[in-house]
Structures are given as C-alpha cells and as structure tokens.
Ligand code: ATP
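One chain comes next, on its own, written as structure tokens: the form predicted on its own.
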C-alpha cells in the first residue's frame, strides 16, 4: 500500500492532496477504506449509484460519474489529483479509456487494476505508472499457503522498468512460517540456515510473545513463528526441511 504513495515509475515522489479511487467494487472499496484508515483523504467514484450510496460516510467524498468522460473527471477535480487508482472491476474498455484520459490529464501517479495479462499490457502501453493483478497475485499467494508449510507469502515486485527483464532466479519473497522441525532447539548461528538454504531469518515471534529481530544466539523454538527472506524456491525448500 505504501508503495502507492511513494513511487512513480519506481522513483520516489511526495504525495499530496486527496487520493482518487475509481471503481468501488470489492477491491476498490477495500483500497479506499484502508487509505482512509492510514489518514488520507479519499474521493471514491463509481458509475453505480448503489456502490456510491454504500460508501457514503465512509470516505471523505464520493461521487457517481462516468469516468470515460473527460468533462466528468474535470468537474470532480480528478485532473488536479496526484494519485489516482483505477479499480474498475468489470469492463476492460471502461478501464482502458479511463486510464487513457488520466494520462492525457497528466496525472502523476496512476495505478490501474488489470483483470488479465493482456489487459495489463494495454494499461501499461496507455501510460499507467503501475499495474496490479489482485486476483492473480492472491491466487499465487494462496498456492504457497494451502500446503500448510507457510503462513504468509509476499513477493517483492520489481520496479515497472525492470519487470519484463526479471528472471525467476532474481525473484525475492518474504514469508512467515513455523520453525521447521529439524531446527527446533538450535540457535540461529549454529543452524547454518543461510549457508544451506540461501535464506535469511530476519525476525522471530515466540509462541506467546512479540516479534523481535533474529540474532545468532536466538534459540529457535518448535512452535516459534519466523519471518524468512529469500528466493521463492529456496524458501519453499527451507519450509519443507524436517
């Protein structure tokens, strides 16, 4: 979420003013509400009056509008926004046309939700600064969790300029898991985890405690939760150690 506020084409910038969220379906409304929780002002826009009514009182401002119409966007002041997220859940045409208008209006930080890979490529060619695939990313995340070995799996995405050149071996993830049985009772320094598995244990939470930094003399308890960083295959291999 913070990346939305920190980067334009991978470069840091200073966000200011109201964030505009276009499309108040499940993804868009969740995004808008979380931005509100983080202390930002949010203008939510949707063509469906029912969705607009549902968000009244929840967001700073809400409006019903056809965002493929440039006049409507300008009337709402969208052209003055620094950050706009296009979260239109259905209708590729509306998503693409809205994004194209935002580019023409020179919005500095455009995030767009893609339904398919082809949709995402079109959005990128239209000039969206960031394209996200929430359904695909959630499916990938769950695939790593259903076996029960991992409790969390977060892929560190490359910058837009690097995305198409990243090789599988260059990908990096942060994951949470229970200490693999083989290492229970060992200190982190004596376990040799980094040398054998090429992953780094960065934090640990005892069964009844808080997260702390992992150090060489940290004892790994069999019910402890650990946060591990590394390449996806290495993390999976470490989680399966017994």
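Positions refer to the first chain, counted from 1. As the structure is a prediction and not an experimental result, all values here were calculated from the model.
Although it is not shown, the form predicted together with ligand ATP is what the next lines describe.
Task: 4.5 Å heavy atom contact, residue 27 and ligand ATP in the predicted bound form - done: Residue 27: yes, in contact with ligand ATP in the predicted bound form.
Task: Any non-hydrogen atom of residue 53 within 4.5 angstroms of ligand ATP in the predicted bound form - done: Output for residue 53 is no: heavy atoms all beyond 4.5 Å of ligand ATP.
Task: Contact test in the predicted bound form: residue 34 vs ligand ATP, heavy atoms, 4.5 Å - done: Because no heavy atom of residue 34 falls inside 4.5 Å of ligand ATP in the predicted bound form, the answer is no.
- [ ] State yes or no: in the predicted bound form, is some non-hydrogen atom of residue 94 no more than 4.5 angstroms from a non-hydrogen atom of ligand ATP?
- [x] Residue 94 belongs to the contact set for ligand ATP.
- [ ] Flag this candidate site as yes only if 193, 201 and 217 all have a heavy atom within 4.5 Å of ligand ATP in the predicted bound form; otherwise mark no.
- [x] Verified in the predicted bound form; spot residues all out of contact, no.
TODO: From the candidate stretches 104-112, 120-128, 85-93, 145-153, select the single one in contact with ligand ATP in the predicted bound form, where contact means a heavy atom within 4.5 Å.
DONE: Among the candidates, contact is made by 85-93.
Task: Option touching ligand ATP, based on a heavy atom within 4.5 Å in the predicted bound form, out of 176, 187, 66, 60 - done: By the 4.5 Å criterion, the partner-contacting residue is 66.
Open item on the list: For a quick check, can you give me the residues of 213-242 that have a heavy atom within 4.5 Å of ligand ATP in the predicted bound form?
Closed with: Heavy-atom contacts within 4.5 Å come from no residue here.
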